[in-house]
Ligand code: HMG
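One chain comes next, on its own, written as structure tokens: the form predicted alone.
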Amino acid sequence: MSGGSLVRSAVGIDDISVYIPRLYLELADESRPEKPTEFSLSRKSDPSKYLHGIGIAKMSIPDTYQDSAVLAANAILELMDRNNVHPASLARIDIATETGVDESKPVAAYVHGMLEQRYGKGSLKRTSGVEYKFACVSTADALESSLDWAWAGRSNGRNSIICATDIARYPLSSPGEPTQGAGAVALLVKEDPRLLTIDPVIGTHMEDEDDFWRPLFSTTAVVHGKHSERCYLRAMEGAVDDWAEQAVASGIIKAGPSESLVDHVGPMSFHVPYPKMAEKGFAYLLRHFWRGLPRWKNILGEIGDEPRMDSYKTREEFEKAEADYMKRFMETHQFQTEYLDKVADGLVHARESGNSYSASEKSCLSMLLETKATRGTDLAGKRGGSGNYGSGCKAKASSWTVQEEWATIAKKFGHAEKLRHRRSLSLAEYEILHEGKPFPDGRKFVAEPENEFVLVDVTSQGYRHYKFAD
């Protein structure tokens, strides 16, 4: 004990592994956004609205032999192999997902069994595992639990793995269809990590809302789009305010009289239902923290005063004015400078892969760090931030410090290469996979498995069997 408080070890993320399905459906041609795609023609829509309106060009689609457990096991296997992690060194492997495969047995247990096919029966018998669920914010909950466990001194030299895995699926031809996607991201959490140490300051905001849910009887989600956007922004602001209050009280960050707390945070990643939502979330964050500063007065002089609710007859008119105002703010030089420096690089993942629910924020963090490392950006010693949102609704805000070895680790993610190593789906193939129907030509899958875990079958009682396909 020191000064009446617990002395915490430096704990954080040592390495990150992303698993991306090798199939994708093209929504828009990035070199020619106005060119119709098979998807846009079938949905009678403008392809440029996908790329410029929501920020998505491609959606990752799982093959017939892939479910959330398979995606997770493959991400974890790569993480363990790359770091020569021995099973005995792992105290826990926890899974965050809203795409569970069983109402009782967690995805973590199925993953446990798959990994033991590679490392030997019983090799993980002293490794615990649970499943976290709170829509897309569950990864932050799982990570916080693992951090608390290590900060409490219970690790005893052992490490943990957190894996977020999800398949975002909406009904065909529905408004949410273009925001689908799939993927998994695994984090190696340990003391004295080489990549990021995480501050013991985590902000939370939670309410009970009906913005998004998936009933037990449904394989697709229900979403109230505009309401969900409002919940995202309100909850994220609340979580960041909670984080900021703790960060200032603990002395982690001290802002000068003309400074914003955000000035002291460099790279940032957010939950990304679609890239434009994360960009908007960052804009609202800056607006919130810049109010009252000299720079905000300059922005007001450029784009005018903020809309006031009492100046409009209806909430709809006010919300339209708000949207127009934020659009003008996001076009300013001040915003674009911050956005391109701190956030934009990570959103390349979401543009190329779509929404992966609980895996989206950390997948974009992986892309952000790999891109910065490849460019030779010096981030060592800088503080960064993560914002997670889960419909229902809850948000978490956290901060972390980039370590000296970060670039060496990030350059080995192979994230960009995984996005390049994929096969385009036809619309017919995509719809067959989406609906779980058999292929008319008798095929069992689209792409041959490549040294990965696959779902072999589901029994008449609903039990799932997996194997590693060499």
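Numbers follow the displayed sequence, beginning with 1. The structure displayed is predicted, hence computed values, not measured ones.
Heads up, the form predicted in complex with this ligand isn't pictured, but that's what we're talking about next.
Using a 4.5 angstroms heavy atom cutoff to this ligand in the model of the complex, all of S48, H52 and K280 count as contacting. Partner contact region in the model of the complex: 389 to 397, out of 389 to 397, 254 to 262, 100 to 108, 367 to 375, criterion any non-hydrogen atom within 4.5 Å of this ligand. A residue is said to contact a partner when one of its heavy atoms sits within 4.5 Å of a partner heavy atom; H271 meets this definition for this ligand in the model of the complex. Contact annotation for G238: none of its heavy atoms lies within 4.5 Å of this ligand in the model of the complex.
In the model of the complex, this ligand stays beyond 4.5 Å of every heavy atom belonging to S160. By the criterion of a heavy atom within 4.5 Å, P200 is excluded from the residues contacting this ligand in the model of the complex. This chain is drawn without this ligand; in the model of the complex, the residue among L187, A73, A350, C136 with a heavy atom within 4.5 Å of it is C136. Comment: this ligand is not present in this chain, but in the model of the complex one of G176, P307, P87, G113 has a heavy atom within 4.5 Å of it, namely G176.
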